[in-house]
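The chain that follows stands alone, in the form predicted alone, written as structure tokens.
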Amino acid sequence: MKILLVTAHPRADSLTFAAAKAFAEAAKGNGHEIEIADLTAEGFDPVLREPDEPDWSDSKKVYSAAVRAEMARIKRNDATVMVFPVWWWSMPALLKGWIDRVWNNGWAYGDRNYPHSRAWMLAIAGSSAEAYAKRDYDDAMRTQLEVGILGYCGIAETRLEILFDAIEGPPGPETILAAARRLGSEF
């Protein structure tokens, strides 16, 4: 299977990138091919402008060349995995902007569903699972990301894995990398 691995973090030496690498290596070990979409390094523009604004009266709208190139990149793969840090109990604006611009009406929802039947999100969270559960941040993220984005786009196999304790010190980062490897081997 060909997997589009999408990352959104400003630093290539981040735990987010290390987790993406761990996932990719394990998935490759199972015979999968990985295409990396490093939105930061590629300079992806996340701002939704008029040419890429959904047109609810025209599901066949032709979007900008940049968006059509991203759509083609998605289509040449069989699955999508997004690895990102949790910022404000969600994904970074760069990744959200990629979804806003590319996963568009008539292509990912509306008349048609997102072209992959499998899409996962690996969210690297700074604090503990207990801290998230205390105020239901984890449930809010699941509703927003897994239901509100992946489910809305008709993706059959969705998964949001929140990997906790990124900034709590050892063993948090090591546990996150082990989880990313495990998820890559399960994919």
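Here the structure is a predicted model, which is why all the values come from computation and not from measurement. In case it trips you up, residue 1 is the first one in the sequence shown, and so on.
One more form of this protein exists, namely the form predicted together with a small molecule; it is left out here, but the text below deals with it.
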Fill in the blank from the handout: Of the candidate stretches 93-101, 80-88, 67-75, 110-118, the one with residues having heavy atoms within 4.5 Å of the small molecule in the model of the complex is 80-88
Practice task
May I ask you to check whether residue 63 falls inside a 4.5 Å heavy atom distance of the small molecule in the model of the complex?
Solution key: no
Problem - residue 125, heavy atom within 4.5 angstroms of the small molecule in the model of the complex - result: yes
Handout entry: the small molecule contact at residue 166 in the model of the complex, heavy atom, 4.5 Å
Key = yes
Practice task
State yes or no: in the model of the complex, is some non-hydrogen atom of residue 175 no more than 4.5 angstroms from a non-hydrogen atom of the small molecule?
Solution key: no
